[in-house]
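Given as structure tokens, the chain that follows is alone and in the form predicted on its own.
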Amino acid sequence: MTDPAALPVIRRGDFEPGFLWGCSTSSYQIEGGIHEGGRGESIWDRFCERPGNIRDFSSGAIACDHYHRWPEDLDIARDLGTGAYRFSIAWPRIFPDGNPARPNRAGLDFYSRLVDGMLERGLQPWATLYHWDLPQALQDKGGWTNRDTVGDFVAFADLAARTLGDRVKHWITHNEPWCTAMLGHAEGAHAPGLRDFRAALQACHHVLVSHGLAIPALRAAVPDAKVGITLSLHPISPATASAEDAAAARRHDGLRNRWFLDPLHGRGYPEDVMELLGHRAPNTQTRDAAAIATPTDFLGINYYFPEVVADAPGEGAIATRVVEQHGVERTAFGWPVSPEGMVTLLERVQRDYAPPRVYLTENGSTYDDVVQPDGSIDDVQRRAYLARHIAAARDAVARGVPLKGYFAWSLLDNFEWAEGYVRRFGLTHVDYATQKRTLKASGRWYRDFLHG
């Protein structure tokens, strides 16, 4: 097994001069200020109120207090040497009650100040429109299972672009539609907390349609916009050499990866998955497939770990099970560490779909950080994880993948959804009691790499 603290030999100069380096965050995970500036309630505010939904019974009500401390946080990103900052726009700050006819000027002004702050620090703004914080008022009408939410999203995208598009040129419509649909609507692990597989598929379809319909609105408001979507993708392999496990891996890949990649690249939903789903397949309209396949300028990929899959008759929606492999290096989340899996995934996406440009919009790890008496955090495992995956990115470029940028997840420790504040992904440690920020060893390594 690889030494989890080993560092590869990797230099910024190994990448082309225009390769983009950044960090990513999301609104609900860092902003706090949920009752300030006219913000409305989100589905995550409501979800966190239900006992048992969040591991440590916390919420994003305060989080990293980024709503007030954003200048300090942008200073950290600048001092790291990053050239870009990926953030998300909280929909409930823009339309507090979900009504497109009633925008909230204070919310728009907040993001305008934030974007100006990025530009003043030499940070290229990368805006994600939907990172899971749907207005609760829209959820009360059915949320993503309601076709009307598609139009509401397009109105949100249009106003955000008309307000910020003179300065923001890079737009991501959705972050990880699989999580929106499956974790939120099938497994109940994320907001809105439903456990209905068919509803999850319908929600997923509406998310993808809203992505496609938002692109013309974004481009109309920002003619020089670069628009894409970010998917959470996994390299998938069978647990054994048996025909049953091979078929299971194919099924699992169909719903985990191809269900998104195929329609986004003009192929419609995979026929084998549609046949498997039968009556559970989503309701669609005639022009949906063409809308979903609206050409994009780039594909964002969030990579964390591979999945090994076994046939599991009678289990789950498609009779598959992700199995744990013994003797595999893991993060504190239990996720396997596999930089080589990232190369495999990127090569597969390029071979099968040939997107014009690819960005790694998230990649990171959580470990049990220990704060030393002097306040330092010597997170050698995260540092090695970061270095090894950047080396893997270099390898993918060498193999012909049009990878143009890497965004580390995350700039800050933050509210990690159903895990609350138990898991820390940040290059910067956040003391949630005092909101003090401390750059970890991993952050110092990233800074030194970027300044090298």
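Sequential numbering from 1, following the sequence displayed. Keep in mind it's a predicted model, so treat the numbers as computed, not measured.
Note that the form predicted in complex with a small molecule isn't included here; everything after this is about it.
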I'd like to check something about residue 132: if you look in the model of the complex, is any of its heavy atoms closer than or equal to 4.5 Å to a heavy atom of the small molecule? yes
Check whether residue 298 has any heavy atom within 4.5 Å of a heavy atom of the small molecule in the model of the complex, and answer yes or no. no
Under a 4.5 Å heavy atom criterion, is residue 104 part of the interface with the small molecule in the model of the complex? no
Is it the case that residue 110, even though its partner is missing from this view, gets within 4.5 Å of the small molecule in the model of the complex, heavy atoms only? no
Residue (of 253, 362, 379, 73) lying close to the small molecule in the model of the complex, criterion heavy atoms within 4.5 Å: 362
Partner-contacting position among 259, 85, 304, 156 - heavy atom within 4.5 Å of the small molecule in the model of the complex: 304
Where does the small molecule sit in the model of the complex: which of 390-398, 49-57, 35-43, 413-421, heavy atoms within 4.5 Å? 413-421
